[in-house]
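Quick heads-up: it's one chain on its own, the form predicted on its own, in C-alpha cells.
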C-alpha cells in the first residue's frame, strides 16, 4: 500500500495511491481511518511531505564508502536529530542560500514509525514500522565543518526533501538506491548495505527513548555527491518505493 499526503481544495488529507488515482481517506495511517469514496487523479493533486514527524531522527556514518576516514567508522548505532523546518515535498525546489559554497545531496531510505515503541528487540523491531519513504539530506559541507551543531549545514529551510509517499509493503533486502543529477546517474548502491540496519537502530534507540507513530528515521547514505548548482535537478530513486525529485534554485537574498 502507498500512503500519500496531499493538498486538495486547500485541505491537506491522506490518501491511498491506486495506480494513477488517489482514494481519499478520513483519518491518518496512524489512527482510525476509512475510505471516503472520493477519488482524484494523482496528476491533479499537490503532494505534501508524507508525514510531519513529532521527532525527526537522522543516522550518520552508516555506510562504509561514505566515510572517508576509516578511524571514524562507528562501532555501534549512533543517532542525531534534524529540524522539521527543513522538510519539503517531492517537486518542491531546494533553495540554496546566497552565501552557501558547497552543496551536496545524500539519498537516504527513510523509516516511518507506525506504533509506539519502547524497549523493542531487534527481532520485533520491524513490526513497529508503518513503511518507508525517501529522503535527500541536502548538506552544505563548509558549514558542516564550521558549525559545531550542524544547525545551518543540515537544517536550513528546504534542505530536507522527503517523499513522494510511504510504501508499506517493502522487503529491505535487494533494494537499490540510485541518484541522478540532470538525468545522469551519479551514485548507485545497495540500500540495505548498512553498517547497522533498521531493526538494529530501532532496538538500540528504544532502550533509551520512546518512538511514536509518525516519527521518521533517515538511515544514512553511501557514496559521494558532486557539487550542486542552481538549476540542477536531483532524483533519488529507491527500488520498490519510487523517485523523489527536486530542483535546486538560488536564494537571491544578500548574505547577512
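Residue numbers count along the first chain shown, from 1. Since the structure is predicted, the reported quantities are computational estimates derived from the model, not experimental observations.
Keep in mind the form predicted in complex with another copy of the chain is missing from the figure; the text below concerns it.
At a distance of at most 4.5 angstroms from another copy of the chain in the predicted complex, all three residues 83, 151 and 156 contribute at least one non-hydrogen atom.
Residue in contact with another copy of the chain in the predicted complex (any heavy atom within 4.5 Å), chosen from 190, 35, 42, 61: 61. Out of the listed residues 129, 172, 89, 120, 120 is the one that sits within 4.5 Å of another copy of the chain in the predicted complex by at least one heavy atom. Residues with any non-hydrogen atom within 4.5 angstroms of another copy of the chain in the predicted complex fall in just one of 203 to 211, 22 to 30, 222 to 230, 42 to 50: 203 to 211. Though the partner is left out of this view, residue 76 does reach within 4.5 Å of another copy of the chain in the predicted complex, counting heavy atoms only. Proximity of residue 114 to another copy of the chain in the predicted complex: non-hydrogen atoms within 4.5 Å are absent; the residue sits far from the partner. The partner is not shown here, but in the predicted complex the stretch 91 to 115 reaches within 4.5 angstroms of another copy of the chain through a heavy atom at 97, 99.
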